[in-house]
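Presented as structure tokens, the chain that follows is alone, the form predicted alone.
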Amino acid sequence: MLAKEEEFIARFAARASHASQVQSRVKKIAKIERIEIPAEQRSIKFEFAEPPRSGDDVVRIEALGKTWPRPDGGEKSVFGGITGTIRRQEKIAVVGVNGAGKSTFLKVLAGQAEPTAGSLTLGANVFPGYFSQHAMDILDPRKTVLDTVQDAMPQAHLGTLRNLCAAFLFQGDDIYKKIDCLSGGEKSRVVLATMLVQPINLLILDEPTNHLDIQSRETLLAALQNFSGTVVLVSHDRHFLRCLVNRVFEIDHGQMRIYDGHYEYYLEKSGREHQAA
């Protein structure tokens, strides 16, 4: 209808005999709110490279404990006495209330923090990769997206690098954006891109869906579901957990309870079903 009215206006705008009809149509279409149909949404399309096979026991944890120093000189116990084994191809959610020590546990698991007590031993041929909001902070703000990805793939050709950047929605001149000009979601995608090209078979992810839009979350979820390595993650995204994990580690009052089942099994056995409804 709009196209027909605009065509009439264009044809008869210069004719005095049609002036009133032209004006009437101009006023009519000026009152119509135009809704632009958005271009088809771009989405991240990627899958993790086939990782090297690790040993069946990926991580062995024995009486693990962690304390942080207090400002008054004392110590705050985060967790203690944690014992268990993470096995190959498991997808584990680490859950607990805010402040329970979930992120600290992942840091110890990733070698970013030293345990205060006990031991944590990586199995044979295990190559961990760690994603956190802190990982976004250590990106070099002066470098471009292309520079950052190239640092992770120094031997790759420009075409390969461009394809990888494009898979993470950095297309055309976007690859020359400086890191300090990126949004939180864009920084997350850069970090995930640099992890993608590494031979990682143990992914340790602290809130990987923060700052990602719904479509990007779904694509990341699909990639993790198909990932043939081992995943340990913290996430508040219950949909993500329901669709991904097959084991749950709950940190509660400094202790860890292990649930050998999916997220729904954990909710049922722990009595937290009503809290997640």
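In this text the structure is predicted, and so the values were computed from the model without any measurement. For every residue, the number given is its place in the sequence shown, counted from 1.
Below, we refer to the form predicted in complex with a small molecule, which is not included among the displayed structures.
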Does any heavy atom of residue 98 come within 4.5 Å of a heavy atom of the small molecule in the predicted complex? yes
Quick one: does residue 207 come within 4.5 Å of the small molecule in the predicted complex, counting heavy atoms only? yes
Any chance residue 142 has a heavy atom within 4.5 Å of the small molecule in the predicted complex? no
At 4.5 Å between heavy atoms, is residue 189 in contact with the small molecule in the predicted complex? no
Looking at 22-30, 211-219, 62-70, 238-246, which lies within 4.5 angstroms of the small molecule in the predicted complex, counting heavy atoms? 62-70
From the list 161, 78, 126, 109, which entry has a heavy atom within 4.5 Å of the small molecule in the predicted complex? 78
From the list 83, 171, 119, 133, which entry has a heavy atom within 4.5 Å of the small molecule in the predicted complex? 133
